[in-house]
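Here we start with a single chain on its own, the form predicted alone, put down as structure tokens.
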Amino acid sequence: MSDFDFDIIWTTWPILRDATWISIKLFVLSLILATAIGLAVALMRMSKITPLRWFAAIYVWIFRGLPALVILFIAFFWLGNNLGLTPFQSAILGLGVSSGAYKAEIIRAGLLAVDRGQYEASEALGFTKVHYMRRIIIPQGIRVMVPNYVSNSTLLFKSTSLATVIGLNELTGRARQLANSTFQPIEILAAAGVIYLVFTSLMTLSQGFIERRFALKT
């Protein structure tokens, strides 16, 4: 077996770096969309309005049941073509709505974990639902949400690699191209793997920081 060639990694690093930046932007924007969708759907599932509860339940059922890859194909070949979306925009939409279904259940579990007396006390004091949810319930529920939220977000970051199938040159797509063109797949894919590992490790470490931060606030 030939020796591991570090030179090819340094040579291709600018390309891998730019592709990594695309993956990070895709992840951040997808996470924002997924969190917004998750919060809205979680509140709808807890609503007293039956149509809203049914709509939210169906959304969660569909998008938790479909593979993220299938959703990406739908977002790109159907919505993307009809709305004129780029592969990057289609990937944000596909990953966002897919992860949003999981985020909804994580957020709902966190809100339901807050003692019912907190809701009743807030209503008794005359707070509006928007006010007590934002100032009282959600901050307490975050402590319960954090572990599953971070874990799911880590999966979302790794799922950005699926965007290569719709023509987006993110980290995995670029690594595959470089592996084919340099005929040194072990070195290139190992470098890409290390990059993924670094970012997912940083996200895992952030969990403890977030938990401590909200523990001090509540």
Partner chain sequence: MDVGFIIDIMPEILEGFSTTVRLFLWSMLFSTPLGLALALMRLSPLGPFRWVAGFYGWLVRGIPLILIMFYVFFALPEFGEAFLLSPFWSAVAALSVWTASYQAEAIRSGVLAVDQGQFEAAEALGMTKLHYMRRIVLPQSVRIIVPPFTGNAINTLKQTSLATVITVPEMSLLTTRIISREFNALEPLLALAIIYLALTTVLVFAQQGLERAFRLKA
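Numbering follows the first chain given and starts at 1. Owing to the predicted nature of the structure, the values given are computational and were not obtained by experimental measurement.
The same protein also exists as the form predicted in complex with its partner chain; that form is not shown, yet it is the one meant from here on.
- Contact annotation: residue 180 falls within 4.5 Å of its partner chain in the predicted complex, judged by heavy atom distances.
- Taking the partner from the other structure, its partner chain in the predicted complex has a heavy atom within 4.5 Å of a heavy atom of residue 70.
- Residue 74 belongs to the set of residues with a heavy atom inside 4.5 Å of its partner chain in the predicted complex.
- In the predicted complex, its partner chain lies within 4.5 Å of some heavy atom of residue 61.
- Shown without its partner, this chain lists 162, 150, 39, 29 as candidates; in the predicted complex, only 162 has a non-hydrogen atom within 4.5 angstroms of its partner chain.
- Looking at its partner chain in the predicted complex, residues 33, 44 and 47 place no heavy atom within 4.5 Å of it.
- The partner is not shown here, but in the predicted complex the stretch 176 to 193 reaches within 4.5 angstroms of its partner chain through a heavy atom at 176, 180, 183, 185, 186, 189, 190, 192, 193.
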